[in-house]
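A lone chain, given as structure tokens: the form predicted alone.
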Amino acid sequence: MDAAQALLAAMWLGLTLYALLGGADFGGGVWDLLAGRSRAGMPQRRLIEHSIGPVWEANHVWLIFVLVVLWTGFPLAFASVMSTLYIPLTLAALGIIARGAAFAFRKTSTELWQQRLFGGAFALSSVFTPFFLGTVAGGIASGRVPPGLAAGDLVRSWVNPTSLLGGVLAVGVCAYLAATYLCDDAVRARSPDMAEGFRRRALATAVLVGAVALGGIAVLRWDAPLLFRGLTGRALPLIVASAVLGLVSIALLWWRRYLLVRGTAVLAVAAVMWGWPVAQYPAMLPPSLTYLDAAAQPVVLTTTLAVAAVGALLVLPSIAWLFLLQRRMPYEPERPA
């Protein structure tokens, strides 16, 4: 494995962690939106706040890591993506900012109308942000981002069948991950009724996402044939593994094995995440720009790898400790007066 491959793998690992951890946070906002009216949905919203409150800011570390590595290690790909897809990327960035601000303000608000205002902003931005990020992924995967500054169409690069499919799947996967995590969190919070509610939502979301994914096969075959051939070729074992793990997750949800289903759901999503780069390898921007063509000078790659390794030694234990503390935090169903 050369330095460019190693750095590309590290970047994709960071993107996977953001999808699994940050994605679940976005999914929590989806369920916050669907929790019901202000007072009836308050217990669910309290649990969601408890689950994501200590870690939602930390999860954005992975997005920053991905952007810095892409910028430093693969500058041509970075410039091409950022200039062609700046509209959905800007909308996603605004969504992240609005979501974080609204989440913080809602927790400190005392008036019901303020909680409704900030809660609505938090929930809606939790839906729109992963959708726009999914459209970015679809635009890249379908070969609509050519190398060069703003070389692609600024609208059709992300408003197209593959991008819309990617956006819908991104929202669905986030909601599914959040529902599976919240089942376990509700059990630990001694709220079996809420656990049952999130279990039903997780099952329904799993079926819905599976149906969209199956329908998406026809979309990819028509709109992104190169990606379709890769997914049904060299990446097929990963896609099959994701489907099997998805079915296992449904079975575990049915049997109420909430802790185990967290693991199988994570592995199912991770398999799909890694199926994409395997399908289009060695292209970084299909159909022609390879990762070697986009890579920076060897000294930049090796230096970035070294810095990333040192950073991992400093950051990963801290994040692991944060998650451990978060799981040990006592749950307070009612906000203290």
Partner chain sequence: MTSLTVLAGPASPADLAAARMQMALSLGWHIVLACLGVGMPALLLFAEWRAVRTGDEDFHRLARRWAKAVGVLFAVGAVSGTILSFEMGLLWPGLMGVYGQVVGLPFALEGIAFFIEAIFLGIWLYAWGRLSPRAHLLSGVPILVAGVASAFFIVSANAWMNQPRGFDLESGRITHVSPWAAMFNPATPPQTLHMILAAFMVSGFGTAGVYAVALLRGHRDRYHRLGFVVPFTMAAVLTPVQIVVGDYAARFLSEYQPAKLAAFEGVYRTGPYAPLSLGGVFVDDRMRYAVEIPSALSLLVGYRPSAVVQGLDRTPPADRPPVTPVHWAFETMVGIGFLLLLLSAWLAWSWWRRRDLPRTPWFLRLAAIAGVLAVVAVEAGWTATEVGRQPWVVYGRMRTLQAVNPVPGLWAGFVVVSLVYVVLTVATVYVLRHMTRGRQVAPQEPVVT
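Note that the structure is predicted; figures quoted are calculated from it, not measured. Residue numbers count along the first chain shown, from 1.
Here the subject shifts to the form predicted in complex with the partner chain, a form of this protein not shown in this document.
Residue contact with the partner chain in the model of the complex: residue 325 places a heavy atom within 4.5 Å of it. Under a 4.5 angstroms non-hydrogen atom cutoff, the partner chain in the model of the complex has residue 89 among its neighbouring residues. Interface residue remark: residue 83 is counted as part of the site for the partner chain in the model of the complex, having a heavy atom within 4.5 Å. Though the partner is left out of this view, residue 232 does not reach within 4.5 Å of the partner chain in the model of the complex, counting heavy atoms only. This chain appears without its partner; in the model of the complex, the one residue of 124, 208, 250, 79 with a heavy atom within 4.5 Å of the partner chain is 79.
The single contact residue among 260, 243, 93, 219, judged by any heavy atom lying within 4.5 Å of the partner chain in the model of the complex, is 93.
Between 28 to 36, 279 to 287, 58 to 66, 265 to 273, the stretch whose residues reach within 4.5 angstroms of the partner chain in the model of the complex through a non-hydrogen atom is 58 to 66.
In the model of the complex, the partner chain lies within 4.5 angstroms of at least one heavy atom of each of the following residues of 276 to 305: 293, 295, 296, 297, 299, 300, 303, in sequence order.
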